[in-house]
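Just the one chain here, the form predicted on its own, laid out as structure tokens.
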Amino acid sequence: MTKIRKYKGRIIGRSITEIYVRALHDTNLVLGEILIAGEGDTRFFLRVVDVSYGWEAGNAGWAIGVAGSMIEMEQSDRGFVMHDRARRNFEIGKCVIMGYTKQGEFRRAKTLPELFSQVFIPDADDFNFIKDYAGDLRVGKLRSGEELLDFEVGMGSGYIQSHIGIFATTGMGKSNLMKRLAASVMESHNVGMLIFDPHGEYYEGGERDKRGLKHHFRAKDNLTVFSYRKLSEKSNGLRINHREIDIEDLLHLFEFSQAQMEAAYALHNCFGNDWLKILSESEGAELAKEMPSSKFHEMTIAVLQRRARQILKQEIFHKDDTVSVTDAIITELKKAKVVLIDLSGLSGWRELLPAAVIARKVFDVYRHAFRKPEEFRSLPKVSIVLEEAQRVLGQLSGIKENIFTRICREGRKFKVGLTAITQQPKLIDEEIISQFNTLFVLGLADERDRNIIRSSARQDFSELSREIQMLQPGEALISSPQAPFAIPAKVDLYEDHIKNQKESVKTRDEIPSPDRNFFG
């Protein structure tokens, strides 16, 4: 049976990098819409990147003259009739060739569809070739302009350690996307995810009509929560031992003079992992006697003491050597779970310091396991999720090297990735942002933000700036290493997703453990 396709228009020019389509009369073209052209087993995929008016008239200024005549006649209460209006007026779409399929295989565009080829609206079957690229961590439906196709898309869990960027201005759906992605991680149970939540929106959902990760039907088995505050549901207490805080964790959170930095390292060399506790409890004169060198000024030690006392008076940090939750966090990640660290109510360094300590511990465990192939093989890949990532991934001229920039540069080798969420990608160091292999781009109003994306994405975003600017809340472009082009998507509303989930999803015991096919 021959498939009936909806006719949209015809190709009228121009080149491989720039195709123009004249739309059928009384037919609208939509920015971001995907069209197909071609005959037989060859199908070209065109993406609309701009829409303009067209008309049939010998005079280039015809439209201006007609508009003037209409205004004049309206003011004189006379009617205006345009003859053959449906035929004379139309829309022209500027398109880029995404590629073409031949015998079901997708190829980059190295040739053109025939001039005056018919252009049609595709259906879900036309995108069957994307099944190999859609990924197992699904987040929504394939989108063509404003229309949704019954085709799920997302990213591959195999790329989670290669870093993910989620970029959008306020209100465009970053939190919903993150919850939807975490839901897929819980459902797949192939990888681990460590989420630092500074606003308390991921666990319970925040607003009254919203749902959080605790409402997911896999949460009982595949979600573990740590929080320093009491949540409405049972969670694990978040307490960090003073011995786990390293000087590296403090360098990008506080301003250190050269003398203060040298004194801090001298204290660590002298007292080991107890340096922070001893620093906070001792008098400056006593410390000077115990340290092998007394070259440090008393004021230098006094500044370090004030910071040490400020840190250890926070409820989340403590001096009890027997209490530590970082090992428990890492144990849960090794089970390929979503681990949520609730840091709501904290701000500034009080929020970033626990995140830095925990992230460094995870990275160190995986880095050391790399030396033991059998142990390393059994570890699931993990992603560390950081909100407002520009605070620690900013221009390196202003922000010192830290554990998060180190993970960006080295983490993929050790199966540890970073998921950076930000409203302002322009504030992230360009060398760092180039490390992100998968991008979820939602609406971005700032042109500088869009330019950063264009220069760092794995796919060609050169013609997509206007589409990104016009994206509606929940609409996204997904750029990933496995995708042949930037995939347009509509992210599922998290509440709808968990409501519609059926218990037919494989139970946890039926899902293979992560070490079976890691290198496969």
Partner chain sequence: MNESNEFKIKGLAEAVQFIADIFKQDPKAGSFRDEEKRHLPESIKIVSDVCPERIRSALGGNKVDTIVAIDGGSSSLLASGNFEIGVCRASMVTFHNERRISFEVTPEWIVPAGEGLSSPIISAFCNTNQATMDCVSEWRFMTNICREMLEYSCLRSLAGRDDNPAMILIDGALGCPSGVDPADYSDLLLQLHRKNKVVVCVSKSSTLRWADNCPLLSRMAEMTMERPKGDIWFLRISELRDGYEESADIPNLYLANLYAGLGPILRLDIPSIYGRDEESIICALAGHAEDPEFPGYPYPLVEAHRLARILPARKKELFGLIKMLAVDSGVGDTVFDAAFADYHDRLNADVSSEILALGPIAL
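Given the structure is predicted, the values throughout are model-derived calculations rather than measurements. Numbering follows the first chain given and starts at 1.
Another form exists, predicted together with the partner chain; not displayed. Remarks below refer to it.
Judged by heavy atoms within 4.5 Å of the partner chain in the predicted complex, the contact stretch among the candidates 429-437, 67-75, 351-359, 307-315 is 67-75. Of the residues given (R371, K131, K413, R87), R87 alone sits with a heavy atom within 4.5 Å of the partner chain in the predicted complex. In the predicted complex, no heavy atom of K230 sits within 4.5 Å of the partner chain.
Using a 4.5 angstroms threshold between heavy atoms, H83 counts as touching the partner chain in the predicted complex. Taking non-hydrogen atoms only, R14 approaches the partner chain to within 4.5 angstroms in the predicted complex.
The partner chain is not drawn, but in the predicted complex it has a heavy atom within 4.5 Å of I92. Taking the partner from elsewhere, every residue among Y20, A57 and G79 has a non-hydrogen atom within 4.5 angstroms of the partner chain in the predicted complex. Contact residues in stretch 330-363 (any heavy atom within 4.5 Å of the partner chain, taken in the predicted complex) are absent; none meets the cut-off.
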